[in-house]
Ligand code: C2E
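Taking the form predicted alone, here's one chain by itself in structure tokens.
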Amino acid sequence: MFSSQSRFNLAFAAALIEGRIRPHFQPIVSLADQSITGFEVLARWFDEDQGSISPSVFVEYADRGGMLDDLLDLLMREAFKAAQQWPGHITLAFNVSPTQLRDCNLATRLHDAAIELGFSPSNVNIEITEASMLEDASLSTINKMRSLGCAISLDDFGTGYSSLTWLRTLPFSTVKIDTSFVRAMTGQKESRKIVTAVVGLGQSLGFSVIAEGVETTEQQELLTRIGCSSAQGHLFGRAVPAAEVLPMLAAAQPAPQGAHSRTRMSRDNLTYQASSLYQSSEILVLFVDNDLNIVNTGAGLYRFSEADPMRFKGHHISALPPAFAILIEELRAMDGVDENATASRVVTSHANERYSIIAQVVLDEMKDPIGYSIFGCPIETSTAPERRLYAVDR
């Protein structure tokens, strides 16, 4: 389609100027009431001679040609302008690559465009996929966007390099469960356990959880039962141009006040989440009391220790590598510890597998500490996932 990078650069620049690359909007819905809470902004390019050009083609070229910033600026400005006609609670999510995050001016560009066009930066969600490629300059940019009120999301959780390491290292407020797990969960028990465990983990650590790629009512109903708060996918709508958003919003239930609050969980749902966390062979789960005795262990401890997890129950935390006790001591040393305080370490398992471990204080109804929960999972070493910036409907 494009025989050279320079040919692409000319065609792409012309398409931007002439308005042939436009933002489309795929809805993100609250599973509690089916209301639309926001949209993921996706780029679409229509050429009179070649027809629709796939984002999987032009995004890669734009990245190589250093033109992703031009694309993001266009998407932000056009999306903010369109949102002037929409309800004030609507959020807009933009995919941003690690190379774009190295630009120290990104936060300023976002702020200026949002203020000029009357869109609140606090309603912007920045989605990051390849967290492992972030550098110090990228982290500075992320912190600047956080100071504007922007939310930061870890996209495609469960694939490639996305792991607990990045949940602790970076100021994420949202986790998006990868489509592959969502589509498989109704037919595969292990995928169902993984999705349930991630939802429970997100709620335990204070993250919002969005399930991607929801296509059937069966998937929707299962996600609702396990307590997932939000979803997107073809079941709720494909990406549409700005002119079709208002009719889509009118057809959906209006979002209630506090639309971004967590889904209220029944006791049965909470029990199901906890059970899935403890049964998952992929996620290490422990509960330790205030005296540092191990009260309960999950099946994932077998992979870590290569020993029956039950043998650790009732033992002091010192039965595990020292890093576990160190994490709890770090929590105890924090002034004014609350339910969102965490500490993390990378720990080597019995089989020399690297684990990302997170510890969190557990409080009772009176906000008194009753113990500590510890979560962990192996750090992925697979190659980075396929780039999907602006590429596909979820």
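Note that the structure is predicted; figures quoted are calculated from it, not measured. Quick note: we count residues from 1 along the sequence shown, nothing fancier.
Below: the form predicted in complex with the ligand, not depicted.
Comment: 96-104 is the region of 242-250, 288-296, 96-104, 201-209 lying near the ligand in the predicted bound form, near meaning a non-hydrogen atom within 4.5 Å. Heavy atoms of no residue among 111, 146 and 228 are located within 4.5 Å of the ligand in the predicted bound form. Checking 152, 222, 194, 75 against the ligand in the predicted bound form, a heavy atom within 4.5 Å turns up for just one residue: 75. Taking a 4.5 Å heavy atom cutoff to the ligand in the predicted bound form, the contact residue among 43, 361, 67, 358 is 43. Proximity of residue 135 to the ligand in the predicted bound form falls outside the 4.5 Å heavy atom cutoff. The shortest heavy atom separation between residue 54 and the ligand in the predicted bound form is within 4.5 Å. When contacts are judged by a 4.5 Å heavy atom cut-off, residue 71 counts as touching the ligand in the predicted bound form.
Contact check for residue 26: a non-hydrogen atom falls within 4.5 Å of the ligand in the predicted bound form. In the predicted bound form, 212, 213, 214, 215, 233, 234 are the residues of 208-244 with at least one heavy atom within 4.5 Å of the ligand, listed from first to last.
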